[in-house]
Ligand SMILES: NC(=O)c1ccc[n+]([C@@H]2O[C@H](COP(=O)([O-])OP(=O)(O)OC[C@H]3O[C@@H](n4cnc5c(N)ncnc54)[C@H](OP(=O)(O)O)[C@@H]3O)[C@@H](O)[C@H]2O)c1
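As structure tokens, one chain now follows by itself in the form predicted alone.
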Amino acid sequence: MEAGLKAGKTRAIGVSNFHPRHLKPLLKFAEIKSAVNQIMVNPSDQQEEIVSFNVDNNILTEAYSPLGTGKIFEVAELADLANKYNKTIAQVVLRWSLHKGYLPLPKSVTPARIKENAEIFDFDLSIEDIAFIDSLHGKAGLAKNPDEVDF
């Protein structure tokens, strides 16, 4: 990947599902560090240890499954927040991701949802609402440990 970057074939190097125990040796030996670590992050699983390591090492946390693979819509408390802001649950959760410093990567093939997902820059969540969303740990599932998944 470093050769591709040096040759101008790519603009950045990134990794996915790397924990600190994976990143430390990479940072020690790589000439060019990863610009991004793509991990599953959403209100239900914030993977705080990894995110903290990323922040400390100036690695962007890209949040795949920012809507918890759709399970976040089953968290009833988020409907009340969505109504409060006159937004959808998806918009509230994506805005929360930005407030947390994550780059959310929502997946959709539906043009209306893609448009909706982009309409998150005209409001801010209150500190209290961010804290409430932070408290939803486990409500919509947790990420799997990459060392224990049979790829």
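Source: prediction; values computed, not measured. We number the residues from 1 along the sequence you see.
Quick note: we don't show the form predicted together with the ligand, though the next part is all about it.
Of the candidate stretches 50-58, 28-36, 79-87, 100-108, only 100-108 has residues whose heavy atoms lie within 4.5 Å of the ligand in the model of the complex.
In the model of the complex, at least one heavy atom of residue 117 sits within 4.5 Å of the ligand. Put simply, residue 67 is close to the ligand in the model of the complex: some heavy atom of it is within 4.5 Å.
The ligand is not drawn, but in the model of the complex it has a heavy atom within 4.5 Å of residue 16.
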